[in-house]
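Two forms, one protein chain; structure tokens for each follow separately as structure 1 and structure 2.
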Structure 1
Amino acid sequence: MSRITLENLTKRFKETTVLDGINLEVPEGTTLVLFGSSGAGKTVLLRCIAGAIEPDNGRILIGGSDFTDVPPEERGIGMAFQNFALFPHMSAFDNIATPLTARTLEKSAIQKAVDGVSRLLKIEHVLSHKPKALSNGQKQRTALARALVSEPKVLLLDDPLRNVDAKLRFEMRLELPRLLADRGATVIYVTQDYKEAMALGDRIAVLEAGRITQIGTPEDIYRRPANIDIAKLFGDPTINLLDVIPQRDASGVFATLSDQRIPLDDGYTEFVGEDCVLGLRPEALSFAESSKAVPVTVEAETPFNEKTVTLVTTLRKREILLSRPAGTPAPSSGSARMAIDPRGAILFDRASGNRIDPKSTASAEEAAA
């Protein structure tokens, strides 16, 4: 059993609380991505689980057993540190082999294991080199190989692809999920790259200022972010955020944009007349000919490899970004109209910044009565 459970985990450095009562469970054999901005406490959390840092309060359970006071070397955890932590006097091969030599395995078994993981990470040609002769990307992959080579049941990866080149990073995003699933490891993977988080995680935990603000599947986090801050962290281009005040008439609940009616879920009846923020994902917006679409002015267009991003303004000069697949025909200047896919619209409370969930139709009707 390798389920990871954290109970009220707290860590302070002098007067600064870095981890503030973290409660978290990572089911056996799954990959949880720990996502957050720099300084959120992600690395400190990993080091507490690994035993490199002692928490001030709380418990760390692995497979149901309390490991809070167990020495690091007895936890059976593999970890790849962000700062590499390679032994400078050892070759890349010997660094990778460290967990295996500590178990006094036969040389042939060690050779086979190191060769296999080094081929996967494309560093077999530098195994004889010492760290000072390696690039940062090679050092990062060597540290990752060392974490993987002994096939630990618990694996902690601290932004292991940060220093690798773009091509290898893309390849590893495809390879790592399969590799980790094949080995059945329970993984906590730290990253600041939302694309990496979406690609690698069975679930994502968003950590900000020492607290977990949302846990969910990648789709949950993207489609139903807990608050505006999380919504802005996921997506490129970023989500459009527009101040609105929901209204209601005989046809239902709506907001207005460029004097055009934007239908909203009737479950938002409770928030009619309240200050809200309407979040619109750029890919949920498209150009349309319909007279019911929102009138806008096309200001600029930026092509990317796989998509084209267009900046438009509303009648009241509010800026909005649209994203469409590259090569899709669309106006590049002048007046146009914009359609909105309601599945890409998210309503937030302006005061708190929290997402507003529409109530069921029955509840909404009761509130309006």
Structure 2
Amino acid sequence: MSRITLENLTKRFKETTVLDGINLEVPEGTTLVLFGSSGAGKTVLLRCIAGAIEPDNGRILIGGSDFTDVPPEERGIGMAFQNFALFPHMSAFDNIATPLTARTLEKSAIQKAVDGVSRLLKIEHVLSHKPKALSNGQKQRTALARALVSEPKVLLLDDPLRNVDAKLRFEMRLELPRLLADRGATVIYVTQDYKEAMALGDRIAVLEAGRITQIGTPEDIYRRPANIDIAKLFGDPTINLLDVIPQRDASGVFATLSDQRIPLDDGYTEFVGEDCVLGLRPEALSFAESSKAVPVTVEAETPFNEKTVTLVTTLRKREILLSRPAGTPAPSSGSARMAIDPRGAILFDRASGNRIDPKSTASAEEAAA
């Protein structure tokens, strides 16, 4: 049993509240990604669970029992740090073996366990080296091996891929889920890279200023972000945000952009005439020749990972980013027309910044009943 439950966890440093009443549940054997920008409190939260920092308030439960006051060495947790935190005066082997030397294990058992995990992580050949002599990638794998070697039921990974080069980060992003799934551990993974969050998380918890602002599957968070801030955090290039006031006529609800009609879901009827923000994912936009498309001016084109991102401006000089698969033909300058895939359009309330859930006719009837 290794379900992690956090109840009302609070931590202040002097006057600043770093964690503000965190409630969280991570079911056994699943991976929760803790996502947020730097300073959001992710690292503090992880250290509270590890026992390196004492919370001011609230409880930490692992498998149902209270661990809030248990010292870190008795929690049986594996942890990997962003800066690796290897012991510089010990060889890679001794580093990896530290979780085992704390128990009274036979030398041969330690040797076997370290060998096993090093083979898995492809670092058998550097076990005798001191951390100084390891490349960043090897350091990162050594740190990971140390976290995994004692087969802990709870794993805390603090942005472990942050300090390795892009190629290795990519490889590890693909390998890690399999590694974690094989061990059946309950994992909390901290990152500020949204792609890593979407790739690794069964669920993602977005942490902003010490509070969890949304928890959900990658799909929930990308397609139905709770507010504008979260919408901006996921997606590269960032979602386009345009101030609009929805209108309605005989053919339905719509907004206008460059004097062109953009049809919206009829579920937004309630917000006709209200100040709203329309979020358009760059990949939901494309160049088109249709007369219904929005007239724009192409400003600059920036190739981007097998994609091309184009900065365009509307008639009222609003900037919009478009992203399309590389190789698709498009005007490189001057005026063009832009089509919008309504599935990539999200409407927010301008005052609160919260997403507006379109009420389907069916659910509206339900609500009435």
Partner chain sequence: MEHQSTLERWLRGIALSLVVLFFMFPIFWILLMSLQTNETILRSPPSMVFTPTLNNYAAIIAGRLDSNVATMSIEFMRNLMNSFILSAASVAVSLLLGVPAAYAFARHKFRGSEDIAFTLLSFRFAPPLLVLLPLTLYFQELGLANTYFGLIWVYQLICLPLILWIVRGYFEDISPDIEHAYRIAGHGWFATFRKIALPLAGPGIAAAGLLAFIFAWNNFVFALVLASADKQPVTVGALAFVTASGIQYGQIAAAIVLSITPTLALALWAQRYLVEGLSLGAVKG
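Residue numbering: structure 1 sequence, from 1. If you're wondering where the values come from, they're calculated on a predicted model, not measured in any experiment. The term rigid core refers to the most C-alpha atoms you can superpose between the two forms while keeping them within 1.5 Å.
The chain appears twice here, and it is structure 1 that represents the form predicted alone. Between rigid parts that reorient between structures 1 and 2, a hinge sits in the chain, and the option from 190, 78, 235, 244 at that spot is 78. The smaller of the two rigid parts, set against the larger, turns by 14° between structures 1 and 2. Comparing between structures 1 and 2 on a rigid core frame, one finds that residue 119 has its C-alpha moved by 4.1 Å. Taking the core as the fixed frame between structures 1 and 2, we note the C-alpha of residue 133 moving 3.3 angstrom.
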